[in-house]
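Just the one chain here, laid out as structure tokens, in the form predicted alone.
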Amino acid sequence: MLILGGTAEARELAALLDADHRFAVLSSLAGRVANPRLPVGETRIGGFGGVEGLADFLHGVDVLVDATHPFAATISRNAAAAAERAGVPLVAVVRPGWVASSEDSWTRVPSVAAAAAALAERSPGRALLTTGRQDVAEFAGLDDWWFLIRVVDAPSGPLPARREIVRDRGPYTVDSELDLMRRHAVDVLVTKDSGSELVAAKLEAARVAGVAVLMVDRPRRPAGVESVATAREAYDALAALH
């Protein structure tokens, strides 16, 4: 089993498969985080060289599992194409997205760039930015806004002129997120619809604090790929294939 990982679901699935003597498991991480949380069992870090490289790597692999982040669109597309080329079954672990309640003030946007454009149309204020270090540059031109930028690793590229960077990693609590938003007088939370419970506390905190949310929708996933919602469901599906 080759698991394309980097998520909590990937680590959980690796542990389930590693404990089952029927399976030999290799987890692959993209290497975009300096000190990633590693799964149990054998691990590799780094890319494959696109579709062709991954298809070549799949020789000797019985099943490919795409358990990457919901916004890792490129590797998900590559996985689908490589699995088809190599004739290897592919199972995707796709956690459910977040759903707004009647008490939330969310605006959904199709991309991070659209989120920056939406901010530009609002009266200037203070935003908590949690979209990841690779997307910070999209907000660099919003000189009237102040940003609290929370990232695991330092962002690269252009940065907003008025900013504070906080390097931190979840899980978070509602109380800690509320304290963060209130201390920094946050008006708007900009985040991606990752669906992870590890970082969902910010949404409840925004609801309690009356903070508006710009929610970036997920990219479209490859068509025709079998998907499950949890690591346990993936394990059951893989056991059924065995």
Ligand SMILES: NC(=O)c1ccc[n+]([C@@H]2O[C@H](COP(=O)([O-])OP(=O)(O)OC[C@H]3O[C@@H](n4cnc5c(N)ncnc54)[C@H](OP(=O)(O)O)[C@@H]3O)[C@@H](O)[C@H]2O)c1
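If you're wondering where the values come from, they're calculated on a predicted model, not measured in any experiment. For every residue, the number given is its place in the sequence shown, counted from 1.
In what follows, reference is made to the form predicted together with the named molecule, a form of this protein that is not presented.
Using a 4.5 angstroms limit between non-hydrogen atoms, R32 touches the named molecule in the predicted bound form. Proximity of G47 to the named molecule in the predicted bound form falls within the 4.5 Å heavy atom cutoff. Of the heavy atoms in F71, some are within 4.5 Å of the named molecule in the predicted bound form. Interface residue remark: Q134 is counted as part of the site for the named molecule in the predicted bound form, having a heavy atom within 4.5 Å. Checking 71 to 79, 85 to 93, 115 to 123, 139 to 147 against the named molecule in the predicted bound form, the stretch whose residues place heavy atoms within 4.5 Å of it is 71 to 79.
Contact annotation for 4 to 18: residues with any non-hydrogen atom within 4.5 angstroms of the named molecule in the predicted bound form are L4, G5, G6, T7, listed in sequence order.
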